[in-house]
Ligand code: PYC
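For reference, the chain that follows is the form predicted on its own, supplied as structure tokens.
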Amino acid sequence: MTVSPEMAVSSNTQTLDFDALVQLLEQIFLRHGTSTEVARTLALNCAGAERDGAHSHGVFRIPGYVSTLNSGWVNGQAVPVVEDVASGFVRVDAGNGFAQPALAAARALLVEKARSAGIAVLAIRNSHHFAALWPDVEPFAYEGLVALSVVNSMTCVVPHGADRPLFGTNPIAFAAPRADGEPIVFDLATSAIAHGDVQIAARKGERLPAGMGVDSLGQPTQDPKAILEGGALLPFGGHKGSALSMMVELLAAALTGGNFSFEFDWSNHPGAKTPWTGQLLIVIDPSKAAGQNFAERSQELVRQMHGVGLKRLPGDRRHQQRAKSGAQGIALDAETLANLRALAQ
């Protein structure tokens, strides 16, 4: 497999087109033990995040994927087992593999059930999710469907009123179509800040805003390294974010048959980074609803939001960066690109 030439090169930055980045990431995943199908799915996910400016879940994640695969913690060759269990319910056993290939394996059946019954649920268990969550739901909105997904992660968040971490960052993602524009999409952690953003801040030597986390003694800190090295994150919004994080544990783990954020132990797998948990997706066909066309109603809500002074909708920045990357390529600093190429060898 060859990688197409960079679109532009400077002393510190090199620019690749999307397909070239996907091919490079595929080479890395294949080199470190995944199947062709898994490599393609993960490469598209990571390259898409980088293209859209979601850097905490783009190529920044590749070393974590590699160290996890090399540790034996996750099965990069897993073949998901799809189970058709009810008119509006699909289960998938990811086989200790990644969640995105499990979603891909069940996607056609999930959409078929949602269009038939008006709503369908996909419960993924025995899975590892190490990526942004919005790429899992956005494609459904392009098909005119509404999608909601939750996934739990490893223990790193202190519940409101507690003194030790228990929950994961436990994100929630939502996507809905609208008539005259890109889908409405958001992806938010129920922690005060995403774990990946803390890692990036630590790498850059930056301090965090107040209220993001605590150190190993449970004291408030703005030092990202103190949070990562024995400390913990806090939920956003105090008890409100904590309640949502609890909900995600129940939906993504208890309901699917996956692990709670506190139930797995990777201590015998040095280098493991991926949470071994579960994921739930709910997909709704709005054409079954009464009243006006849903996408037109969505557009009316957007119009009213703009009318009261809102300048940017959730997802707008990603879509703008996606267009820019399509025109100008995806810029990576020379050191990052060199490291990626080394991992591919």
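Start at 1 with the first residue shown and count on from there. Here the structure is a predicted model, which is why all the values come from computation and not from measurement.
What comes next is about the form predicted in complex with pyrrole-2-carboxylate (PYC), which is not displayed.
- For the chain shown alone, F264 is not a contact residue for pyrrole-2-carboxylate (PYC) in the predicted bound form, no non-hydrogen atom being within 4.5 angstroms.
- Remark: A194 counts among the residues lining pyrrole-2-carboxylate (PYC) in the predicted bound form, judged by a heavy atom distance of 4.5 Å or less.
- Under a 4.5 angstroms non-hydrogen atom cutoff, pyrrole-2-carboxylate (PYC) in the predicted bound form lacks K113 among its neighbouring residues.
- In the predicted bound form, pyrrole-2-carboxylate (PYC) stays beyond 4.5 Å of every heavy atom belonging to F260.
- Heavy atoms within 4.5 Å of pyrrole-2-carboxylate (PYC) in the predicted bound form are found in one stretch of 105-113, 119-127, 250-258, 147-155, which is 147-155.
- Proximity to pyrrole-2-carboxylate (PYC) in the predicted bound form, defined as a heavy atom within 4.5 Å, singles out one entry of P224, P101, P275, P183, which is P275.
- In the predicted bound form, pyrrole-2-carboxylate (PYC) lies within 4.5 angstroms of at least one heavy atom of each of the following residues of 44-70: H57, R61, in sequence order.
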